[in-house]
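Read the single chain below, which is given as structure tokens and is the form predicted on its own.
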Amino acid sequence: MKKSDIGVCIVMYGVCAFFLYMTLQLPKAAQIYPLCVIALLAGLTTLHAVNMIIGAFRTGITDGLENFKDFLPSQFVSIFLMILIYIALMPYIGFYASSVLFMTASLLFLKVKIWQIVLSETAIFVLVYCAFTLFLEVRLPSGTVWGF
């Protein structure tokens, strides 16, 4: 068991509690699907916690920081700033345009090959379009700049 995994479980239970609180504010008819997702997330987090406890008895407790030995703070901060810019741009230029900019900028920053970027973006946008626009009929933000 890694000490860092304890924090992950605590955060995930916090996320479940937050979304449970928000879901209970919805009308009863709209609560079914979110409650199922929350229950699934809580169940998986519990399975992970049980697995951690079993691992602690078998192998002991480790620090868990060895996974971060190659951590680059500048890379983390850069991607975090890109995420903030992505969130800020979405209401103005829309979901698809801001997502293309974000994905392209972040993948180029992480030195991903151009053909992999194009393939990734194409696959993601086909899946998002089919799932949200066609299947679920959800309107994604189109942006105020385009006047839609």
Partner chain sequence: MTETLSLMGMGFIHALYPVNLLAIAAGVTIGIVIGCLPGLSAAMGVALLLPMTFSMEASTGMIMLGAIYCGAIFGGSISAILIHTPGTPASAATAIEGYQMTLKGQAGKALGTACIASFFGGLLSCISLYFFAPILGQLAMKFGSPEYFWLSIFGLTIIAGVSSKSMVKGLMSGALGLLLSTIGMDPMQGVKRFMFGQSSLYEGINVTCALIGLFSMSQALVLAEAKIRQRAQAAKFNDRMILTKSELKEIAPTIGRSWIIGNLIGILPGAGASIACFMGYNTARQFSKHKELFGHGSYEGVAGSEAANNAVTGGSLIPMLTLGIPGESVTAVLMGGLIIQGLTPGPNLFVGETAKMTYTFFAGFVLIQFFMLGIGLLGCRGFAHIARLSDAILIPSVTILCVVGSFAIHQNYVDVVIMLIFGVIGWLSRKFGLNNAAIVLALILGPIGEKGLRRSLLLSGGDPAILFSTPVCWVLIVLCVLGVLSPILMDRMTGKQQDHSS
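Numbering follows the first chain given and starts at 1. Just so we're on the same page, rigid core means the largest C-alpha set that superposes within 1.5 Å between forms. Nothing here was measured: the structure is a model prediction, and the numbers come from that model.
The following text describes the form predicted in complex with its partner chain, which does not appear among the structures shown.
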Check your understanding: Any chance residue 37 has a heavy atom within 4.5 Å of its partner chain in the model of the complex?
Key -> yes
Exercise for review: Spell out, yes or no, whether the shortest heavy atom distance between residue 55 and its partner chain in the model of the complex is within 4.5 Å.
Suggested key: no
Review point. Does any heavy atom of residue 114 come within 4.5 Å of a heavy atom of its partner chain in the model of the complex?
Key: no
Check your understanding: Using 4.5 Å between non-hydrogen atoms, is residue 122 touching its partner chain in the model of the complex?
Key -> no
Check your understanding: Which residues from 27-43 come close to its partner chain in the model of the complex, meaning a heavy atom within 4.5 Å?
Key -> 27, 29, 30, 33, 34, 37, 38, 40, 41
Check your understanding: Has the Cα of residue 17 moved 2 Å or more between this form and the one not shown, judged after a core fit?
Key -> yes
Exercise for review: Classify residue 97 as shifted (yes) or not shifted (no) between this form and the one not shown, where shifted means its C-alpha moves by 2 Å or more with the rigid core superposed.
Suggested key: no
